[in-house]
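Form predicted alone, single chain, as structure tokens, below.
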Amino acid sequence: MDPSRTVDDRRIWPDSVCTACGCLCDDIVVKVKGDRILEAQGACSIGEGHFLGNRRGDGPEAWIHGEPANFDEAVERAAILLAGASCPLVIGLQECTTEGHRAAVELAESIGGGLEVPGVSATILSLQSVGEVTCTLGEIQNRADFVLIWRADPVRTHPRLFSRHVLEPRSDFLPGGRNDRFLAVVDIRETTTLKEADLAIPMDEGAEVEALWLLRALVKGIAIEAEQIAGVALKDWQALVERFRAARYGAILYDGRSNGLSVRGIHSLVRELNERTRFVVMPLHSGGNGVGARNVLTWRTGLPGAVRFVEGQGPLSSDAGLPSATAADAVLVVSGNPMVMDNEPTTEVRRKIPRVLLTGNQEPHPQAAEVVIRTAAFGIETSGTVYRMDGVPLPLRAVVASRFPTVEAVLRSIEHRVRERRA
């Protein structure tokens, strides 16, 4: 279908990418009339909310101290705050294309600040010590005859994962589709995914690490003398291990927000299973482009989670001087929650730090930061490159025009003003 073709004054965009979850389904047919999206064929319930919920009024393009301002005034004020800070910090980056990520890295370097991708530090540290055996979703779709979902509920969070990639697709290796696959689910609560499992194991809350180390012991053939571990009968854990051994190609999928020790246990288990058969592992990331942010930071600096730029020394790791949220004296939040760094012990301190917020939300709060600049809505009004949760890059195109600039354009404008002021 030609994207420029119109039918009854409606514009049709086939093969559109949905950024509502980490699956980044790229087979959505979006129908647009004027500046409104009428339909998103093929999208799940989360995807429909993502496309059809894009409604924004005619409010101002920026605010300074809660008062309406134009774009140039907001950029100037943001440049003053960031250039005048001794420890500025750039954070957020989830709802942004890789082109925007490049601009964020360059801005952080120009102001001599830090840049951090939220939620990846613990995972990265675990992978650096254990390693990762992974693949693409296409490989799981074609070859995985055994799938273990560990502490995740993809039926709710990634509604099309099973139908497109994990359970239902037929292939030359699995001509029977779902009938040729075995699904095991381990969780601490009754989830929708747990109800669909061929083998469901509800374990005790807080026993995740204990269970993972038990599975590693059983895989190694170590005898365990106990009737029950982590609230689950030992025979059930042994049944799961037998399924491990019977698999020709196994895949373990887990919540991408898991803590570092759990991630280390999962990846260690997969490494040990590969001594007997083929196993892969993949975190289930949420929507946006957090994987892209990590990739850009890695190839630009060699540091995947956090980096601090120091004049004359180049990029340094977080252990070598990344400002903490309380040490930073100015914060730029790129397409994220302005309170993303807050937690109970230091919330009041952090609220006093000057903040610049770039947001594509429908109705941003003018008081959310000292400077608020509205940007084009990610995944709907922006074009560029995004990364699926398995690391595959996909082209993203705007299906609706926006009167607001992209994140990349705003960041480059701020960097330009910073350089002009210093010159």
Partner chain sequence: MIPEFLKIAGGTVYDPANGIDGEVRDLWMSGGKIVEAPSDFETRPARTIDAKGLVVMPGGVDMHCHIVGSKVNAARMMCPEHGEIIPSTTSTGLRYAGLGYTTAFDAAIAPLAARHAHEELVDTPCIDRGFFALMGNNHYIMRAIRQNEPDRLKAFVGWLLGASKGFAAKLVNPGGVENWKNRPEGNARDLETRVDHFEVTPGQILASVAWAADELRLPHPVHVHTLNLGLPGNWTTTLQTMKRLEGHRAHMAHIQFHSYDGGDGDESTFGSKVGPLVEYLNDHPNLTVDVGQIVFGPAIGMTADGPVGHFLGRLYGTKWYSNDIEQETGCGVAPIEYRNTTAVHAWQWAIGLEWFLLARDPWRIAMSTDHPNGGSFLAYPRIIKLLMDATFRKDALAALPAEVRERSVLRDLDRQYSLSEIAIITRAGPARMLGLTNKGHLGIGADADVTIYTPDPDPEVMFALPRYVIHRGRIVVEQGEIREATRGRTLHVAPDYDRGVEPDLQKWFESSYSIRWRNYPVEADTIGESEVVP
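Everything numeric in this text was worked out from a predicted model, so none of it was measured. Positions refer to the first chain, counted from 1.
The discussion below concerns the form predicted in complex with the partner chain, not included here.
The partner chain is not drawn, but in the predicted bound form it has a heavy atom within 4.5 Å of Y387. Proximity of I64 to the partner chain in the predicted bound form: non-hydrogen atoms within 4.5 Å are absent; the residue sits far from the partner.
In the predicted bound form, no heavy atom of E363 sits within 4.5 Å of the partner chain. For the chain shown alone, D236 is not a contact residue for the partner chain in the predicted bound form, no non-hydrogen atom being within 4.5 angstroms. Between the options S258, T191, S286, N142, the residue in contact with the partner chain in the predicted bound form by a heavy atom within 4.5 angstroms is N142. Proximity to the partner chain in the predicted bound form, taken as a non-hydrogen atom within 4.5 angstroms, holds for one residue of V32, C44, A69, L394, which is L394.
Just one listed stretch, out of 288-296, 194-202, 177-185, 236-244, contacts the partner chain in the predicted bound form at the 4.5 Å heavy atom level, and that stretch is 288-296.
Residues from 125-156 that approach the partner chain in the predicted bound form with a non-hydrogen atom closer than or equal to 4.5 Å are L127, Q128, S129, V130, G131, E132, V133, T134, C135, T136, L137, G138, E139, Q141, N142, R143, in the order they occur in the chain.
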